[in-house]
Each structure stands twice: as structure tokens, then as C-alpha cells.
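Just one chain follows, in the form predicted alone, and it is written as C-alpha cells.
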Amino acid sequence: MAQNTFYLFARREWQLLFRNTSALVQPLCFFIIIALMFPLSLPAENELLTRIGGGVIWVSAVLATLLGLESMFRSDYHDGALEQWLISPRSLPLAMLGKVFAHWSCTGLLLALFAPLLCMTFRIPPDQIWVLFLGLMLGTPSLSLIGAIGAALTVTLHRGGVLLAIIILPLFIPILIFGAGMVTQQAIGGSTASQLYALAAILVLALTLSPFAIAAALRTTIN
């Protein structure tokens, strides 16, 4: 029953996302455009690009993730699916975990996969590219899980994007600090273990607590 709930909701979310291609393309295009603004505005030989590249890509990933969060539950609210989930005998936290996993695999995972390509425009060395990719693979799931809580709290608002950003962005800051810090530490030859463990710990906490927080937020908001 539990495995079926996770799989069914993940499959449903994948089907909806692939039908609505704009939901897939917009965050990725936004991510690429923001990141490319800096190489285009600075001289190509400027060493500043290499120093700030990791941080710029991380900030771009955070903003692109935020862009895709507002619509996470919006269609489900308008077509009445949320009310059905609340009265369903299936586990709502597990269902939300499946939904967020599918959403991350079509947004955060794509951002992480495209990040190494953007690193070329910043002249980032290969060893730092690997660290950046690993950090994004650990950090973007946490961004989606934490962001889904804010999306659940603002689902009934007509234009809740600004409120969602106010609620969620402060919670994203630790992930951003540790993620960008990994690249900085690698650049100066330091150890990235502390930042890596911090991102892993945040991910474990998000996986454990966020599904229940999302379910509670939906029950509070809808009821």
C-alpha cells in the first residue's frame, strides 16, 4: 500500500508535467538565463568569473526552483484533487513525498545536470565542477521538499508568489551557504567534508519531516 501510494502519485505528477511542457522548460530556461548574465557582462579573461561562478550557479538554481514551486499544488487545488487526497485512506505524507520526488526529478535534477555545462562559461576547473554537481544533487531535493511546504501554505492565494518567496527564501539560505561554500573550499584547496555532511544532514531532515509538514499545511489551508 505504501509503495503503491508513492509510485502512483509520482507517476501522476510525471504525467502532468510532461503534458505541460512549460512547467519543465521555464525553470530550466530561467536558470540558464540568470547564470549567463554574469559571463556576458564581464570580460571573458576576468578571473572574477571563476571565483564567483559556483555561487552564481547556486543562486540561479535557488531562484529557478522557487519559480516552479508556486504551481506545484495550484492545478490540484482548482480541480478538487486536494480535497480528495485529504479524505483518501492513503497516507498523505507518503503521497506528498512521491509528488515532490517527481517534481524534483523534472526540475532540480535537470538543473544539476545542466550546471556542468554552465561551468564552462565561468572557466571553472573540473575538480570544482564535480563538487558543484555533487552539492546540487544533495541540495536541490531539500529545496523542493522545503519549498513544497510554502507552496502548500499559499495554494489558496490567487497570487501567492511573493508571500511564498518571503516564507521560503530564508529557509533556503543555509543550503545556499553550504552548497556555494563547497565550491569555495575546493577552490582554495580546503576540505569540503563539513559542507557535504551539512547538506546531507539537511536532506535527511527534509526527507523525514517535510512530507508531514506538507500534509499538515494542506489540511490547515484547505480546511
Partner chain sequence: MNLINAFFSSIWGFLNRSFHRLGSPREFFKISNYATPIFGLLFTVLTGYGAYLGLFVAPADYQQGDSYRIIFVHVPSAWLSLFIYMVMATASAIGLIWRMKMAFVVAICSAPIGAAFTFLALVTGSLWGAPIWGTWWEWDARLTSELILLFVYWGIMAVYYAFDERQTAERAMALLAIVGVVIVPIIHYSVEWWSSLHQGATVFRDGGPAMPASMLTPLLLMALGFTFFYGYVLFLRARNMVLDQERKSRWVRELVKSSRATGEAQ
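Positions refer to the first chain, counted from 1. Fair warning: this is a prediction, and the values are worked out from it, not measured in the lab.
Form predicted in complex with its partner chain: not shown, discussed below.
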item	value
Region of this chain that lies against its partner chain in the model of the complex, out of 65-73, 52-60, 173-181, 33-41 [heavy atom, 4.5 Å]	173-181
All of L153, L157 and I167 with a heavy atom within 4.5 Å of its partner chain in the model of the complex	yes
In the model of the complex, C29 touching its partner chain (heavy atom, 4.5 Å)	no
Close approach of L205 to its partner chain in the model of the complex, 4.5 Å, heavy atom	yes
L163 within 4.5 Å of its partner chain in the model of the complex, heavy atoms	yes
4.5 Å heavy atom contact, N4 and its partner chain in the model of the complex	no
Proximity to its partner chain in the model of the complex, single hit among L136, M96, L143, I149 (heavy atom within 4.5 Å)	I149
Partner contacts in the model of the complex for 189-209 (non-hydrogen atom within 4.5 angstroms of its partner chain)	S194, Q195, I202, L205, L209
